[in-house]
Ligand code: FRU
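Only one chain is given next, in structure tokens, and it is the form predicted alone.
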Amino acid sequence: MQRPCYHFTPPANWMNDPNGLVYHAGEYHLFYQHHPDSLVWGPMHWGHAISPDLVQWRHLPIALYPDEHGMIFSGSAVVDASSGTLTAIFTHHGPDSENQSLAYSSDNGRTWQKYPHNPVLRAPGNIRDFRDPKVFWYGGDDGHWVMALAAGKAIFFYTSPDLREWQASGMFGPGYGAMGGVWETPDLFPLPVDGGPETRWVLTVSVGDGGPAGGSGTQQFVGQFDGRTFTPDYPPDTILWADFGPDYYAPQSWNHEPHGRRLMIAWLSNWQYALLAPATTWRGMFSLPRELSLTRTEEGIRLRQRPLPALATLRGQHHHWQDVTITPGDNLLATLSGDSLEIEAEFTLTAQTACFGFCVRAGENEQTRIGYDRQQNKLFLDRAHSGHTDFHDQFARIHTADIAPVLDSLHLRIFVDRYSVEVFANDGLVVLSAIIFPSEQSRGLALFTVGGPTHLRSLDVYHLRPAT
């Protein structure tokens, strides 16, 4: 298999959750769950890469190896202001327990020393699932460290003055949100509402089963955090998904981001078929980095996700159309092709509008369809005929999300790579992400409408250069 043009993949072999996302001394650090000796999940290490801009990446040697305490499961990293060192906080996964441990780096992540008194936080009682610490500093000079930790189907909160001694401070979860599988990889951060003085906290939690597209998924909670525990704004039966596609799991955001942005990245896969997905020398990729914000809608405060602006540096050849009426059977894009594209389109919806959208990575008997059903107000991503789909019986499906037009218009921004599609609708209020496995020759592109004409207000198609 070729590598994706601009999505992050490991140098070789298995990769899953992003870990230890932190900015320090001019570099964005990306660690990840990694089995360096096999294409399948196995003894977990922390792989490592760095970037000046989250677009171009340089691979570094493995940061953390399994030891006498167990495998190195997911966690986070911070800059300890008291010493200026990078500190990784991660789960030691042993044969019978999961506990939290530390490692330090004084050379900007190039080498690591594990704390000699690990673990620093042991699982209480007989809790078996006790993992994935997200740690951050809360408050000013007189603040404290906070840890959000996944424990079964709940999130436990702990506080510490020094990253070594931890005290339980609260819990969230029972009765709230989706409970189809074990909760994993929490993240917790504040965001302003519509850029103003009002602030809410966002808690993201991945769930092993019961996601909106089947199997794994990531839910989000919006509420308040007082430095010790989280209180949601919404009643227990409110379920908000971060992504309605089948492949968006274990997202994490960067600590100490220098421009004050909240940037997040996730594993593009699903535990239903992650071990079975086609692979040759590598298996596993990450989503595009996304910039997060909160906005007030008729339904309440909601998360908005936009692709990283720096991705525009990859743009090459550009095609533009404006004020075009598309009729059934037309294909405005018949002369275009590519396996690495950015598509931005705005459609005007009228009484005649029925169903419209794009076909990408199209070839003989292959295509991935992204479209909008106006009658049902549903955005859809159809990979039933996207290429190699028979490795799992749940892969070849159509995935949908409810979305209403805004002032009779729909805005779509679509990123196509060799093995993935990410769709951002209405400025990132609804997102669908999916991996695909088309033939290398399937590079066609189409714009379609069914059941009536569709008015295209504007369309831009960019060919994207590889991120090398």
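Numbering starts at 1 and runs along the sequence shown. Everything numeric in this text was worked out from a predicted model, so none of it was measured.
The protein also exists as the form predicted in complex with the named molecule; that form is not presented, and the subsequent description refers to it.
Proximity of W41 to the named molecule in the predicted complex: non-hydrogen atoms within 4.5 Å are present. Interface membership of T449, defined by any non-hydrogen atom within 4.5 Å of the named molecule in the predicted complex, is ruled out. Although the partner is absent here, D339 is not a contact residue: none of its heavy atoms lies within 4.5 angstroms of the named molecule in the predicted complex.
Contact annotation for Y234: none of its heavy atoms lies within 4.5 Å of the named molecule in the predicted complex.
Look at 124 to 132, 111 to 119, 322 to 330, 389 to 397: in the predicted complex, residues with non-hydrogen atoms within 4.5 angstroms of the named molecule sit in 124 to 132. Of the residues given (F189, W137, W282, W271), W271 alone sits with a heavy atom within 4.5 Å of the named molecule in the predicted complex. Only one of F73, F225, F172, Y372 lies close to the named molecule in the predicted complex, with a heavy atom inside 4.5 Å, and it is F73. Residues E184, T185 of 154 to 191 are found to place at least one heavy atom within 4.5 Å of the named molecule in the predicted complex.
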